[in-house]
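Here you get one chain, nothing else, as structure tokens; it is the form predicted on its own.
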């Protein structure tokens, strides 16, 4: 478990640009060290804002996109191409604009008839993750270089919501989510054990509506009540915030704002 580090930026636009720059550097460094890199994407306004900023970044061409594995932390169990699917939004924000290897873009299954329900889709994605894990990963999922998570106003991350069964899961890497409190109610999500296999976990939050969730998750709350509190990396846990989202942090946690 890594101790959370907090970086506060002036506004959400600057936060997205700075996060994109960080991610480019991390991917390039991982590719230089091991030949490839792996990133877990997140949806939502902050996740998509980061991808859009990355698409606009001049340094994006420093990445060898053909040697990047992309995974997802969660997905809405909707038909392929549905505009509410995280993968659809990611393609629009960035993925269609860069030369990725399609075999290395690991989209969570869609509700297209191949799988009967979200539970079957979760099992299939868990099997795909297990096939990609190497012996040195010491577990059923790869040791991702960076795993991105948006933080919801209720402290949910991925599709792990407070008090629901998914946040209590300790064995499986991926679960089907039923009865989610925000639409659509049926989803597929990585679990906290899978999230915690990542070398680095970056949590993104911007806006006044996230301030309470950020303060709660960083105040020592339990992960069942505040799932974001249970999201951390093996080497680094980074909270990337704007000033509005950081407004309710205790002063001893609040770092100087980035320029």
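Everything numeric here is computed off the predicted structure, so don't read it as measured data. Residue numbers count along the first chain shown, from 1.
Just so you know, the form predicted in complex with a small molecule exists too; it's not on screen, but the next bit is about it.
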Query - Any non-hydrogen atom of residue 151 within 4.5 angstroms of the small molecule in the predicted bound form - result: yes
* Asked: Would residue 86 show up as a contact with the small molecule in the predicted bound form if we use heavy atoms at 4.5 Å?
  -> yes
### Query
Could you tell me if residue 43 has a non-hydrogen atom within 4.5 Å of the small molecule in the predicted bound form?
yes
In the predicted bound form, does residue 138 come within 4.5 Å of the small molecule, counting heavy atoms only? no
Of 109-117, 93-101, 70-78, 171-179, the segment with heavy atoms within 4.5 Å of the small molecule in the predicted bound form is residues 70-78
